[in-house]
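Subsequent text provides structure tokens for two forms of one protein chain, presented individually as structure 1 and structure 2.
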Structure 1
Amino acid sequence: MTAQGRDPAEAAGLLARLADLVVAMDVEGVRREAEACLAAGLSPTRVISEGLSAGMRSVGEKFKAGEVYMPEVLVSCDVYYKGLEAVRPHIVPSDGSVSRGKMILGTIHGDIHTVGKDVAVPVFQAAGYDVVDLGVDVSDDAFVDAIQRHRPDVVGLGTYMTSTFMHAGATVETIRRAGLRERVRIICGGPAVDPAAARRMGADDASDDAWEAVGKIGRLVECLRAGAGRRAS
């Protein structure tokens, strides 16, 4: 009998153990436990959302509470990815997995800060978004290409310094000139961002906290879908 059909407490136990391993930064353990969850018949979607992603959420809570620090967060992110690697091949389209939206995210040209992006991407994935990581030092044209290729709802601009944040306007303008501005919502992230300044530059929002940004991204996606192309004011 599968864990789905078996005792729900047992399934919950398996998933909780998997989440704990993300927090404990246990690479080997995560792979083994993720496979054990699948072998017990839990769906890949549940393994991701209630196991791995739940682990990432609790890493965020512990980080904010000062129980773990940036090095642990980064290694937990890596462990989360190792878990995803084990589970992804088992996902079948009929699995019922629903993405809350698609996002592309990259560090804007001229900026090499990556720690923030390395944390933000798995946090957004764990929150249910399908995120394409474009990497660092991404040119404006590369953002345009990625919008055409991946058709995201949201474009995340990693802008970790004031000077690169101030270039968000140029990136938005390039996206607008390519005729793609109405198709997407744009959010800036990094320690030096300012939501009002981001809007002045033509983006839709900004956040210096990935966990807070999850809410903002949700609102942007809703807005995009409701407005059928019209930009949020």
Structure 2
Amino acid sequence: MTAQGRDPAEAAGLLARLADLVVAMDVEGVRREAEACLAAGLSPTRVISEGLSAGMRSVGEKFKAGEVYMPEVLVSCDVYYKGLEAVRPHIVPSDGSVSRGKMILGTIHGDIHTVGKDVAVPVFQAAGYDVVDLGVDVSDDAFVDAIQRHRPDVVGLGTYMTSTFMHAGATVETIRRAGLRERVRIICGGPAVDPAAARRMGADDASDDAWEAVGKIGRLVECLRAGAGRRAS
């Protein structure tokens, strides 16, 4: 049965079960369930956003509430990635969707944390963005080089520690000195970020939640393409 002909309640049930497997840390079951969702005609973007990512979001909420701890979060991430192995190859050819924009994303230098970035990348891809992952411990000059090479709409600065978040201002300043600041919008991401502080350091916004960030990135891209001037620093 195609996705168009499937009972919405049945589709929702498939996606809910997939999300539950991420929360339950079921590494064996998650790939089978992801494949079942695809076989049922659900789009890869729905499988990621409403299934795998929904489960990971629940894990994040439980972590913030002190209901689970970092070892459980890391196992859930492994489960999440196992599901992505089944879904990722289908994202572009199956959806045929038009890119909403291009972004480069990397964890700024001095920070080697990868979990938050690795969760965010497929969330942004599922939302329709062409994402270039620069990895971790990315130097300011590497961000400049990537902007020149890939010509993105948005630059994502992963800052997962307070100390590295405070370096974001220097990264933004390096981009400005290279004459590239007006070409891009910059958003900081990670548990240590604060939107007001990020703006004081010259960025455009910040978010500690990848799903919330999707909406903010969309508004930043719209502003950039509308030719609106960058907000006053």
Partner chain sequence: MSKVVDEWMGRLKGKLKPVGEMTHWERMAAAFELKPTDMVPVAPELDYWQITYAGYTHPEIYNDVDKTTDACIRTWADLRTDAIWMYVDISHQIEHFIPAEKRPEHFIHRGPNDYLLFKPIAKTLDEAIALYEERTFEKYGPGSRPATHYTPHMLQLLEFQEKMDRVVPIIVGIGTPSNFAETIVEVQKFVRWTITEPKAKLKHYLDLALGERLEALDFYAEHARKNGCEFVCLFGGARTWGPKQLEEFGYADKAFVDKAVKIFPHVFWHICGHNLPQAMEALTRWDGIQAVQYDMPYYSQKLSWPEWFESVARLFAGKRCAMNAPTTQLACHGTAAEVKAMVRQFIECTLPHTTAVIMPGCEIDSFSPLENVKAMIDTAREHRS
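Residues are numbered by position in structure 1's sequence, first residue being 1. Think of the rigid core as the biggest set of C-alphas that the two forms share within 1.5 Å after superposition. The structure presented is a predicted model; accordingly, all values stated were derived computationally and were not measured.
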Is structure 1 or structure 2 the form predicted alone?
2
Did Gly135 shift 2 Å or more between the two structures, C-alpha, core superposed:
no
When the rigid core is used for the superposition, does Asp208 move between the two structures (threshold: C-alpha shift of 2 Å or more)?
no
Did Val22 shift 2 Å or more between the two structures, C-alpha, core superposed
yes
Report, to one decimal in Å, how far the Cα of Gly13 moves between the two structures once the rigid core is superposed.
12.9
